[in-house]
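This document starts with one chain, in the form predicted on its own, laid out as structure tokens.
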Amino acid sequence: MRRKPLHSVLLYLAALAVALFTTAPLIWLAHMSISAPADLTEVPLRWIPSEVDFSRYQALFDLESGAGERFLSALRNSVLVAGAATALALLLAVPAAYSFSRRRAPMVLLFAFLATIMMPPITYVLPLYTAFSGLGLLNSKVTLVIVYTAMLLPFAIWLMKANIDVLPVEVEQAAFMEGASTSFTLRVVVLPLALPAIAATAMLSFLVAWDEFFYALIFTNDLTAKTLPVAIADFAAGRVTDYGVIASVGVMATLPPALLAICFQKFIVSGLVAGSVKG
């Protein structure tokens, strides 16, 4: 059916409004990061910078400066912790989801897993802190990897199960009739078909781990294990007076997940909608 011109105009205006509403904070963050310090405290606000200054970005990549050392250490820790937690969560979630989907594992277990992410994080802090303190694992990236993996696992299992549910079971039955084992069928038959779901799960899990702040704040106290969200809070806690530096760190912290989302956009969309078409 051909859409009326007025409907098309309204549709594009609505899309433009949503795009502006979504990207406005990021655009303003980028604007702050290249504005002169005086522009950021001027009243009324200066919408166009009096001069474009990229020196803050240069300072963030200079190991000789304090800001650069803190930023690069936090960036390295975030990449390692979020990447390791995502990989571990996927490694455990895929066979677990297959068990729930194809081997009729008790669904009460899945609901029990999902119930854990509905509890406020503050309820887990004291027992976790006591346990990691006793093991001598406070202020360690390993601690964050363990906590984030446990945090990501229920959601990863649920998303992977929803996608495996809609895969054609006849393909797996054909493999079994040829004498293939369960592990071989999972690796050679199921995983290639579930690749969009794996990419979507990995991307969403990475974003959750990348943005996590609460546990990182509680379990870390120096550059050995601090991640970017905690480092940004440190920058905003009065150690620097230039708000442009804080904005620059925010922009740089946004880039890695944004680039990943753009690169895997096709897989993310198909992976998220695959589980919604089950009849």
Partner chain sequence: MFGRRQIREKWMLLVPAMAVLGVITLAPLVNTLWLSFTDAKITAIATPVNLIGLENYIYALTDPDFQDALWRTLYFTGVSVGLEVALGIAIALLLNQEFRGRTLLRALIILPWAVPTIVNAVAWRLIYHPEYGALNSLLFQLGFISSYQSWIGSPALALNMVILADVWKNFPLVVYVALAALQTVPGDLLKAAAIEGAGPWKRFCAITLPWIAGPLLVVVVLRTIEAFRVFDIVYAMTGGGPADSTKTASFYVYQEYFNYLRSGSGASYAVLIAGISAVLILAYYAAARRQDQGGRA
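Residue numbers count along the first chain shown, from 1. Source: prediction; values computed, not measured. What we label the rigid core is the largest C-alpha set whose atoms superpose within 1.5 Å from one form to the other.
Absent from the display: the form predicted together with the partner chain. The rest refers to it.
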inquiry  = in the predicted complex, is there a heavy atom of the partner chain that lies within 4.5 Å of any heavy atom of Ala36, even though the partner is absent here?
reply    = no
ask   = Is Phe213 a contact residue for the partner chain in the predicted complex, using a 4.5 Å heavy atom cut-off?
value = yes
task = Indicate whether the partner chain has at least one heavy atom within 4.5 Å of a heavy atom of Val269 in the predicted complex.
result = yes
inquiry  = Can you work out whether Phe54 and the partner chain are in contact in the predicted complex, taking contact to mean some heavy atom pair no more than 4.5 Å apart?
reply    = no
inquiry  = With the distance limit set at 4.5 angstroms and only heavy atoms considered, check whether Leu29, Ile117 and Ile122 all reach the partner chain in the predicted complex.
reply    = yes
inquiry  = Where, within 155 to 174, is there a heavy atom within 4.5 Å of the partner chain in the predicted complex? Residue list please.
reply    = Ile157, Gln173
ask   = When the two forms are laid on each other by their rigid core, does Arg70 show a Cα shift of 2 Å or more between this form and the one not shown?
value = no
inquiry  = Using a rigid core superposition, assess whether Leu45 undergoes a CA shift of 2 Å or more between this form and the one not shown.
reply    = yes
